[in-house]
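Just the one chain here, laid out as C-alpha cells, in the form predicted alone.
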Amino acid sequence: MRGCAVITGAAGGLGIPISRRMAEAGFHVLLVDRSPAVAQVADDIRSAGLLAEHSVADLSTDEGVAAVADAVRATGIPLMALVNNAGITRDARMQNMTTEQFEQVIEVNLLVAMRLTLGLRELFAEGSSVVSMSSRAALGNFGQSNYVTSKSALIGFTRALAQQWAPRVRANAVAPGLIDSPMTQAMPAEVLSGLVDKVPAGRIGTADDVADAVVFLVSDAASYITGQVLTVCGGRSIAP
C-alpha cells in the first residue's frame, strides 16, 4: 500500500475514474464529496478488492475540513496524496454574470482547494504530493470568466505551494482540455464535431486520460516534477 490518498469531488465526473485509478495504483483512497452518493463510489471500489473510505463533507466550512482531517487520521496510515478535484461551473457572458455566480465558482474551485490543502498540512508525509485540477480553460474561454479566473488562480496556488512546501511535498496541476463527459455529450453534434476537429490528436479525451495523468504525478516516476502544469488536451492548447 502506498499510503492514504484524498480525492475531492469524488462522487461524479472526473472524480470517479480518478478515485478508481488511484486505488488501482495501490493507495488507500479517502473519497470526499458533499453528495452522499460518494458512499456508493467507495463501495464500488471496495467491491473490486481495493481499499476505499468516504467522507461526506462541505469543504467550504471549517467543520468539513476538520472532518476530512479526522478521517485521514482514522485510517492510521500516512497521507501521501491529495487530489483537489472538486469544481463547478456557472457560465454566463461577462456582462450578464452576477457577483454571486462569480463568487460561487471561486469558492468551490479555488478556496475549497486552498482550505483543505492547508487544513491537512500537518498530515502530509515526506515525499507526498498535491495535484490540483485546473483546466485548459485557464488560457481563456468565452462565457467562463469566473471559471477561467478560478482555474488560472489554482495554477498560481500550485506554484506557490510547490516552492513553500518543498521538499517534503510536491505540488502540480492537471489541466484537461476537451473531455468526453455529460457536458460535452449534451452539445449539438455539429458543435462537438467542430471542437474535436481542432484537436491535433484527432479525438476527444477520456476521463481515464485525465486520471492517468493524476496517477503519474503522484507516483515515484514524477518525483522530480513539482510546480508544473500537465495539460491533457490532445495538443489543443498549442494548435492554431
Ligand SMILES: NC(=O)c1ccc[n+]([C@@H]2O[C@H](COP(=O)([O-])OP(=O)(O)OC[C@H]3O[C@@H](n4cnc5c(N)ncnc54)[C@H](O)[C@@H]3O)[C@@H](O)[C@H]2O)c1
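When you see a residue number, it is the position in the sequence shown, counting from 1. These numbers were taken from a predicted model, which means no experiment stands behind them.
The discussion below concerns the form predicted together with this ligand, not included here.
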query: The unique member of Val72, Ile155, Ala86, Leu110 whose heavy atoms fall within 4.5 Å of this ligand in the predicted bound form; finding: Ala86
query: Option touching this ligand, based on a heavy atom within 4.5 Å in the predicted bound form, out of Ala213, Val65, Ile179, Leu50; finding: Ile179
query: is_contact(Gly227, this ligand) in the predicted bound form, heavy atom dist at most 4.5 Å; finding: no
query: 4.5 Å heavy atom contact, Arg34 to this ligand in the predicted bound form; finding: yes
query: Interface membership of Phe124, this ligand in the predicted bound form, 4.5 Å heavy atom rule; finding: no
query: Partner contact for Ser60 in the predicted bound form: this ligand, 4.5 angstroms, heavy atom; finding: yes
query: Stretch 1-31: residues contacting this ligand in the predicted bound form, 4.5 Å heavy atom cut-off; finding: Gly9, Ala11, Gly12, Gly13, Leu14, Gly15
